[in-house]
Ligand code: ATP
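A lone chain, given as structure tokens: the form predicted alone.
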């Protein structure tokens, strides 16, 4: 018999025999009438074993079931006023495929709440909760919508390397590893490679892990991140912001359309950000914070608290553009009228930076100059600089942090909650 998933068990199947498989979400043994709630990837179905209606062997099996036992059930679909779905299954056969040890270290029903460390230590059990299924259902929708948007707009997906020979963006935030007779590093960004893709394929995107050896322990920080990156040839940074704005709106609309149930589980009221997004300069942002009494000077970066404050001033989604050159990487294109300012931008969404981008330097001589100014050696970037010696158009791009965007859409306060297997300074397992 072909297996049915729980979402397929509807009133149209009343009177018909079905086969379902899954985990015991809950079991209530009341003597004359016993209930099992079975969970599979799509939801829940009630199995009702009533004395006199089912074989005694079925009652015996049900009486010995525990939470998270894996079972297979054959039975007849019946209407039920008591069951949430309006239908239940009268079991004719129950097979126990796998027994769960008791007691469980984490209750997937969340009758007994678990703290964050317990959720992280017993990740696979927490994945079975409604909350986790909602979070990662939404994250899956974000990824799907991101890919869909750029496929529909003629972009090509590329796969950048994770092992690299030199720093992508400079600085000391690199994980070093031995690589045969050489030193290598885990990529802190796909930056250099996506630019090489753009100067050949014109429009590229990718979803890739990146690694930052920063010794932070903040609710918004991870050492391994999934980035959603885009690079566009023949585009300045204003056009890159256009693409980013449209992509975010498309993603939020997709979540609203396809993940209503998950948003309800998380008690989130999601709205599509109002377009066009405001585009304020870095200088305007500094002055706005100073006006609010914040202690910040021109040249400083914004703290997370200051990003939230800016969100209160400028709205749910807005860009901060035209940054001081010392705040951005060596590849950011200087402005023609003031080379101390670069064509760079951040996107703040719900009070948190979720994306940053720039127009890139595509002129080899200027790129070499900027690399030296950052205290780096152009020889370490020869392959990258050479990519712009043979016909390189102006190009711009950006990246969205998948986990940060998931956190903001799901209304969570700690990025570890929305990361399947978070990697931080203190955590490399499970």
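Residue numbers count along the first chain shown, from 1. Quantities reported herein were computed from a predicted structural model and do not represent experimental measurements.
Only in words, not in the display: the form predicted in complex with the ligand, which the text now covers.
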So in the predicted bound form, does any heavy atom of residue 287 sit within 4.5 Å of the ligand? no
Proximity of residue 399 to the ligand in the predicted bound form, heavy atoms at 4.5 Å: yes
Indicate whether residue 221 is a 4.5 Å heavy atom neighbour of the ligand in the predicted bound form. yes
Applying a 4.5 Å heavy atom distance criterion, does residue 321 contact the ligand in the predicted bound form? no
Please state whether every one of the three residues 6, 36 and 109 places a non-hydrogen atom within 4.5 angstroms of the ligand in the predicted bound form. no
In the predicted bound form, the residue from 292, 92, 72, 301 that sits within 4.5 Å of the ligand by heavy atoms: 301
As a check of understanding, the residue in 179, 216, 234, 124 with any heavy atom within 4.5 Å of the ligand in the predicted bound form should be identified as 216
To test your reading of this chain, name the stretch in 225-233, 246-254, 73-81, 110-118 whose heavy atoms come within 4.5 Å of the ligand in the predicted bound form. 225-233
Though the partner is not shown here, which residues of 346-381 have a heavy atom within 4.5 Å of the ligand in the predicted bound form? 353, 354, 355, 356
